[in-house]
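Encoded as structure tokens, the following chain is the form predicted alone, with no partner shown.
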Amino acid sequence: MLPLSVCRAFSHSAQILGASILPHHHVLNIQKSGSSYHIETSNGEFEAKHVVIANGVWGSAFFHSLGLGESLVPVKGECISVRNDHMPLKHTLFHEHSYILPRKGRLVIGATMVENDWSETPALGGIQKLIMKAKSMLPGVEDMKLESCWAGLRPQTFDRKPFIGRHPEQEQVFFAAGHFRNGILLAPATAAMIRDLILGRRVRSDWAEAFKVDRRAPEHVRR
């Protein structure tokens, strides 16, 4: 699928430019140690001058361990893929948060939105909703063969705007989390903003204000 291919391309490009990618190193703890940070993982310990928290909906744990009260809420999204051997669909169909996306001999149909569900396994009820919605948008899908199904967790903030910026009290810690449904689309701009903050470059003031980590939720949301 396209997002997975883009992620692989980002990873490959970063390694070409000198980055080290360490898969399966689950971060267990982050502690300030002098002028740097001590990072404990499931496969060893590291020291870092700057830390960027960018682990999606699981970022809530680091908000809290680093003294912040912000939280991310999981919104489960389920998708299915069907074989498309005859439907000449060239453009994406989109209606009421649902879509049918043409992709080289298949159609990708998505996506459900289930709040506070931490399961990454598709449910029969969710798949049924996708099929019914797809049939109303494009009746011809009824005769197509099911290829695969999957699910993922979107990280939602209280106002559906991501947290992108510096920790309000620790200048070497940054957050890039809470992009909800638009993570893959906003990744390049988010990375550029975090890069500029780390290097001390100028960042648009309206962006810094809109996405700051310690922005306040409206009173009716906090209650």
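We number the residues from 1 along the sequence you see. Just so we're clear, the structure is a prediction, and the values are computed from it rather than from any experiment.
Unshown form predicted together with a small molecule; subsequent notes refer to it.
- Taking the partner from elsewhere, A54 is found to have a heavy atom lying within 4.5 Å of the small molecule in the predicted bound form.
- Using a 4.5 Å cutoff between non-hydrogen atoms, A189 does not count as a contact of the small molecule in the predicted bound form.
- Using a 4.5 angstroms threshold between heavy atoms, N182 counts as touching the small molecule in the predicted bound form.
- Of the heavy atoms in V27, some are within 4.5 Å of the small molecule in the predicted bound form.
- With respect to the small molecule in the predicted bound form, the three residues W118, F158 and R215 uniformly fall beyond 4.5 angstroms at the level of their nearest heavy atom.
- You can rule out all but one of 44 to 52, 173 to 181, 192 to 200, 63 to 71: in the predicted bound form, only 173 to 181 has residues with a heavy atom within 4.5 Å of the small molecule.
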